[in-house]
Structure formats: C-alpha cells, structure tokens
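Only one chain comes next, encoded as structure tokens, the form predicted alone.
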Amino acid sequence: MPNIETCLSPLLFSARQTKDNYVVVVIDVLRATTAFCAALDRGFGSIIPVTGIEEALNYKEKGYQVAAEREGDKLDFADFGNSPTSFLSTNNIGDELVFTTTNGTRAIDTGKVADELITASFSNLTAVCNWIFNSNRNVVILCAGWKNTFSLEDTLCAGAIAEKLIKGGHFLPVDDATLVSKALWGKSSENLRENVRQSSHYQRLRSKGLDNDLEYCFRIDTSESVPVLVDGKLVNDKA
C-alpha cells in the first residue's frame, strides 16, 4: 500500500521519510499552482518554472512569454503576473510560458528530485487525486507556504488530497503532518473561504485588491488539468 507524507514547509522536505518510488505533489494555492492550471486550461502548451528573476528576464530577452511575480506583485518586465483569472481571460496565448513566483516555483525546484512531480490546487483537486490513484506510488505532498513558513491554505489543500486518497482505500498516512492537515480540512471544508479569510497570505492579496483571484482560488474542481514536470517543463497530463 503506498504511503502519504506531508511537508508543511519546503524546509522540511530534506527530512522526509519517503525516499523511493514517490511522486511529489507541490501545492501553492495562492496562487502559483492555481495559475498553472488556468494557463494550461486557456491553451498554453507548457510552463517552464524558474526560481530567479534574472533567469526569467533572460528568457524574456530571448522572446519567451514570461509570468513573473514577487510579494504578490507582477514584475515590470513580465507579460503576466501570478493571477489565474488573468490567464483565463487572455488572448495572448503561446506555446511556452516561463514562470517565476515567490514561493511556488521554488517549491518545484526543491521537489524535482522525486521520481515524478505534479502540482495541485483546489481547482484541480479531483483530477490530481485520480492521477495519483493511477500512478499508485508513494506520495509526498509539498506545501510551498510563504517564504518557507507554514500557510493555512496549502495545508488545507494537502488535507483535502490526503482525505480523498485515504478514503479510496489504497493509501496510508505515515506522519503527523498528514493527519493534522486532514483533520484541519475536515473542520474547514464546509466553509472553506470563511476559514481561510484571516490567513496571512489571503489578507496580503486582499490588500492588493485581488479579490477575483481569491474567489477563484478556493473554487473546487474548476480544472481537469494536471501539470506534470517533464524535462524541466510543466505539461498537461489529464487524469
């Protein structure tokens, strides 16, 4: 029976128990992993996640479309920020999109040592769980958090994934973080938006007037896309 392990911060990833035959599931609900799905849903062919601003700028100078964000703000040189709703409404669609964010793309860089890596959010919750069921590998859920610290929204999404996998009868939780995230999800799922409203990153984005993104990021199963890291690019592998 495959295991489920949860890292509530990227700093905890190196201390994980799971070392073999595993898939990493990166979560950054606000907003990178939600935006990845939105971009793929809209028709972008693939996403190239990078950690540094300079690397993203180099891609821009080579003619690539670039999404770049820091501290919740779109960078001046970029075509896009980190807004899922902006991707859903754009007609500026290309084959490849370079992407750098404060937390999400760094978490991908941390987790890419896994056998496989996918990204998850509330928007593709069921699609991700179906993909994991088909993979039948050990799972390490990696919450991007905020600058390596705990975030409520990522933990709740981790709990939602864990609950679905455990209820499916094929996965076994092996750490307290998985149990805690699942318990938090159980107490919050019926009124998700209200339960995350006071979280630090929710308030940070709300102060920037990003209410449309906040509303969208907590809608469940709006996407069937499953971003999978293949040769350094996130491509869509629908379950």
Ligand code: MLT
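Please read these numbers as outputs of a predicted model, since none were measured by experiment. So that there is no doubt, residue numbering starts at 1 and follows the sequence shown.
The next section is about a form of this same protein that is not shown, the form predicted in complex with D-malate.
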### Task
Give a yes or no for Lys182: in the predicted bound form, does one of its heavy atoms lie within 4.5 Å of a heavy atom belonging to D-malate?
no
### Task
Using a 4.5 Å heavy atom cut-off, state whether Asn124 contacts D-malate in the predicted bound form.
no
### Task
Indicate whether Gly111 is a 4.5 Å heavy atom neighbour of D-malate in the predicted bound form.
no
### Task
Give a yes or no for Trp131: in the predicted bound form, does one of its heavy atoms lie within 4.5 Å of a heavy atom belonging to D-malate?
no
### Summary
With the partner omitted here, the residue among Thr90, Asn148, Ser135, Thr102 that in the predicted bound form has a heavy atom within 4.5 Å of D-malate is Thr102
#### Entry: One stretch from 185 to 193, 44 to 52, 64 to 72, 169 to 177 that, in the predicted bound form, holds residues within 4.5 Å of D-malate by heavy atom
64 to 72
## Note on the structure
When D-malate is considered in the predicted bound form, the residues of 15 to 48 having a heavy atom within 4.5 Å of it are Asp28, Leu30, Arg31, Ala32
